[in-house]
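Let us start with two forms of the same protein chain, each given on its own as structure tokens and named structure 1 and structure 2.
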Structure 1
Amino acid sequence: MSEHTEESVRAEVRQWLADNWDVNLPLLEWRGKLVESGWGAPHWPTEWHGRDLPVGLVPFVDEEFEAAGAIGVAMIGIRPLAAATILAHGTDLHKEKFLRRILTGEDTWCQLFSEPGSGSDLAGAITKAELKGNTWVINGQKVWTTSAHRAQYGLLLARTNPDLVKHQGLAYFILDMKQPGVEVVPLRQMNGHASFNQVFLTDAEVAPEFMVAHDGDGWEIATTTLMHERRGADALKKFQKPSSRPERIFREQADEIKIALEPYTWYPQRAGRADLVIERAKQTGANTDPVIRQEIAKVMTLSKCAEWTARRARAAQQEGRPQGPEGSLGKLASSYVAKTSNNVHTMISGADAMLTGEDSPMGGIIAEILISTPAISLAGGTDEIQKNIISERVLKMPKEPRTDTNRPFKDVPKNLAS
């Protein structure tokens, strides 16, 4: 294979777009052409809808698509996590059945990890998977599951053998969410949104071929998923914005984006909106207060440090290095930025910060910031979990004492009856 350069990649993708991009195509038909070309996920293997392009050259492909005004593949929500996990651990059957439809947007996914008694302690999952005849039968409850009400498939972590130690005896499945035995119930949040769901699994079934890798590999595979999730949590992704253009392909994409981003509309506020701090300070005159100015400087410093951490993570990805604990550094940094921004917004708004709805400053945005930021310290692994990962894997500090690692999981005390 010839060596790729920025110039050669730009020229090739620019020519392909000139020959193929058509605003009059239906969205699904365009995505099909894009997947077949390999330009939709050019860093993926050639045999799986990619072009084996070095990750460091992918931004140049993205820039050419943006310059042409062309629509890309459907990698919004949990889809990138599903794709990354399947590429790393899935069988040829999984890749054949799911990867193309992830890129075209035909399938929506959710992540069935957290449980009422084991959120941060993911390895403490008690959802059971029992092999009955030639079928895995699943019973249990998952929670905080974004988009479960729309998902066709779920990434499921379940326990197959309680006689093994905690991090063993787990398996990773691809679950059909539309089958009988899967009940999805929305959770209403204190900020008024309902982005998450509880999922009750009662004799739900999974065929053996839809276990990812092998029985007992669940923890390793879940770690892959989480590393990708945390690397993406250093800051809110720049989601695609729908175009107002009238052609069919743009109308269909706008509908797709609206549905996909519905659970995430409050995520900018969850991140603390450090970008609004200086604007708010100027509006209220708080920029002349020396104490508030000092706190604003603190927010800006933390925000810039978080940005640099994110750049390091992206650089590692572009060099092809495996997902690592730098994702935890970014995740923790984003939590600190959110908390500090929350504090500054409160200082600036004063008593008005207690107002909600249209009476709240900025038409309700400030109130939504104040009641949404606690979520970022929990979602995707709590601050405490990230600190443990950093201390043990980055700083090589001794692991904290554990009482649940050297005995069968069935004998470990639990928050809920198993």
Structure 2
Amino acid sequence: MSEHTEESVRAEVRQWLADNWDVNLPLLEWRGKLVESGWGAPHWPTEWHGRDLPVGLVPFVDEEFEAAGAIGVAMIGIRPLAAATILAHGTDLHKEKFLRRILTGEDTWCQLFSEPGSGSDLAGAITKAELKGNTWVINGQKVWTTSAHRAQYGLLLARTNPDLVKHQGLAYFILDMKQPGVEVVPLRQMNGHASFNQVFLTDAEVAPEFMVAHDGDGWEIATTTLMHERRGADALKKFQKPSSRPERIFREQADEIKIALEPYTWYPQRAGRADLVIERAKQTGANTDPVIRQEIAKVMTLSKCAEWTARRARAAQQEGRPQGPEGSLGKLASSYVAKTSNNVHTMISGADAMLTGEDSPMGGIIAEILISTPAISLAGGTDEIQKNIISERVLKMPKEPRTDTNRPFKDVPKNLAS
């Protein structure tokens, strides 16, 4: 353990904020100060914009920022996953080139994993990467790529050798999205938003130094990214809300949220908005209906238990202990909270659940919940895949016999449809 304590960290960050937080700074300049001081990502290594602070103390830093009303770094969307992957497996060049701009929000990232033929079975990727001369040339198609239309860089999983078994013939690249071989086509979702995309890669290029780790390590690196994604998908997931304060820095942040976070505007709704249930029940008078009261109590119980389970998992992490089973359950719990909340919001709204748009409850927020919650059981790994992981890795139940890992990838049956 370090010499830091909660009190010492709180005092230090409070002092630093008192000396530095300035609503009249441009947002980028403020973020630059965060990066230089290490307070933007205090648990990161000192040489990479951090302070080597134990993870367990980070929440106190966050609380002090919140108390001061200070804006933090731009860790939202795929950025935290990119940063975690680069910190774990990247070279100094990667860290140099990408980490700072991830924190300042200058670069947006996307995750080019899923393909038309491989979603749950990500290791079944068929997007090809071929070394031609001194350049990796990429050909193939990715799909469901959230915020690809905004991204400067993509985390790319691609196949370098189809003669190897499926998990071995993969490599992991950092792809420059702003090049001629990358075509991004938005896909409309059932809730009307178009936050994910099809990405067509035609002779897109990656310099060899932007492969992460080595050829053949792709699956292992992708697993790091996914682990961070799934761990982050628990009940503690927070969404930045724009402040209505008039100063420049808040206006810039509101703009950032509007543009860079545009793909995520409906994400709170897909989680079911259990936080709105009681307020809505009181507003509509549904709180006097004994049947609905029971349902509200059930969803709030589920939501609280999910939150506390996530906190147990974080506490273990913060105290440097290995997480127990609670660490693998957050994503699945979130999915059940979302479904149950949808159901309760429907009950509370009654016939108003037939309406959508501005004239519907809460200016359309409720309607958006009702048709967005299915996403949470799919994105970042489906509920079924989560259950397989939980039963096999946590409960150590035997795996189903597999037929796709014992022969060269090129001989494994693939989709007829794709």
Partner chain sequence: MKFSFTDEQAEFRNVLRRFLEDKSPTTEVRRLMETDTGSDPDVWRQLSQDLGLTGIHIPEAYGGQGFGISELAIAVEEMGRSLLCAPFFASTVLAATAILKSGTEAQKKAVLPGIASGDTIATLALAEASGEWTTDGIAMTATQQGDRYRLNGTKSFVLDGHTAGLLVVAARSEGSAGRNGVSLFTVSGDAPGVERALLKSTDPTRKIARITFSDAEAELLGTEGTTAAAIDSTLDVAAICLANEMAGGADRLLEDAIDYAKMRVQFGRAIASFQSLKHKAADMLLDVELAKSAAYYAAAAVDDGDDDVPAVASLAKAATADAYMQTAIHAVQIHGGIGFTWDNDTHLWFKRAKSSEVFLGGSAYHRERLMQQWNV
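Since this is a predicted model, take the numbers as computed values, not measurements. Between two forms, the rigid core is the largest collection of C-alphas that superpose within 1.5 Å. By convention here, residues take numbers in order along the sequence of structure 1, the first being 1.
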Structure identified as the form predicted in complex with the partner chain:
2
Arg273: Cα shift of 2 Å or greater between structures 1 and 2 (core-aligned):
yes
Answer yes if the CA of Leu27 moves 2 Å or more between structures 1 and 2 after aligning the rigid core, and no otherwise.
no
Just checking, between structures 1 and 2 and with the core aligned, does Val337 shift 2 Å or more at the CA?
yes
So with the rigid core superposed, the C-alpha of Met362 shifts by how many Å between structures 1 and 2?
5.1
